[in-house]
Ligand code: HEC
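Before any questions on how it binds or moves, here is one chain, the form predicted alone, in structure tokens.
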Amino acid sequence: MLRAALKGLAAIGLLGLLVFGGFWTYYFVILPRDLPVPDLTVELTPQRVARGDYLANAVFGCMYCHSERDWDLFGAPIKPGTLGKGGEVFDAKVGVSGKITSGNITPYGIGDWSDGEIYRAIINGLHKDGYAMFPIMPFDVYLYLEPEDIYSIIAYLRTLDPVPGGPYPGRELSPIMTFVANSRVLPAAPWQIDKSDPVARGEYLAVIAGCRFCHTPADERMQPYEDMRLGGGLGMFANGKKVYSANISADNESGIGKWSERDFIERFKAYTDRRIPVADIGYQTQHAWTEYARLSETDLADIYAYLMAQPPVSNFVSPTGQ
């Protein structure tokens, strides 16, 4: 009887080892998916360049992460002369288990990339060399982008001044971070947006700009708690100190349910061309106020319409957790 029990335990152990081995092989050897590079040449029209400038700076935050930032100022705006040069470090100080350095996305850094390779990097998260980038650049939501928006960003990047910077040290990721990166490489799934509906337009912007992600608490695998969507409380590190995102749900007491559309718009526009010392606020933030202040009033109104159409979440949040 003891022998049979031991055989049973051995069989269970062997099965567990096979399952673990299969899991490891799939996520760390087979993944990421080898998605093809599109055969693509983007025409650099003035309209695309202007649209790409707006998207990359005011909506996506591309330039915010791929430039040097002044952490002595609230919202850590971009330091002059560093636009697109990369070099921003993401490590334990910002909650990353490992170390990642943002790349140079000016022609100095990606001048030898094809338009198709840039396209694939944005929507699929695959580097030119084939490895999965880490979804601090949220390619797992960029896969929803309308192709024309991606073309516009590519056109804009092609027109940037070639600012020297890099190549930077290779990334260092823990196994769990490698798992997250590899598992987020997915095929493009562009949204078909009803552009006559402000809520639908606002959802597109809120997802792409990161509103929905940053303002929703998540587990250690970066999976959001859907019943807390937009309720704030996601902990993030800003200049080495942990801060918490605000509740931007339609809750009247703990969220922004009592805000008018004009209140919402003016909250952003108040940071237009402003450089405020962190000491004057009392804490730092990862929210790119100076960049988001460039959002058009029409786009801000659409985001507001989307937020007000979502279920309210009761969750009182202090930015410093106190």
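Start at 1 and count along the sequence shown; that's the residue number. Because the structure is predicted, anything quoted here is derived from the model rather than measured.
Although it is not shown, the form predicted in complex with ligand HEC is what the next lines describe.
Of the residues given (122, 180, 83, 73), 122 alone sits with a heavy atom within 4.5 Å of ligand HEC in the model of the complex. Although the partner is absent here, residue 267 lies within 4.5 Å of ligand HEC in the model of the complex, judged by heavy atoms. Under a 4.5 angstroms non-hydrogen atom cutoff, ligand HEC in the model of the complex has residue 295 among its neighbouring residues. At the 4.5 Å threshold, heavy atoms of residue 49 stay clear of ligand HEC in the model of the complex, well away from it. Among heavy atoms of residue 201, none comes within 4.5 Å of ligand HEC in the model of the complex. Along 286-300, these residues reach a heavy atom to within 4.5 Å of ligand HEC in the model of the complex: 286, 287, 289, 292, 295.
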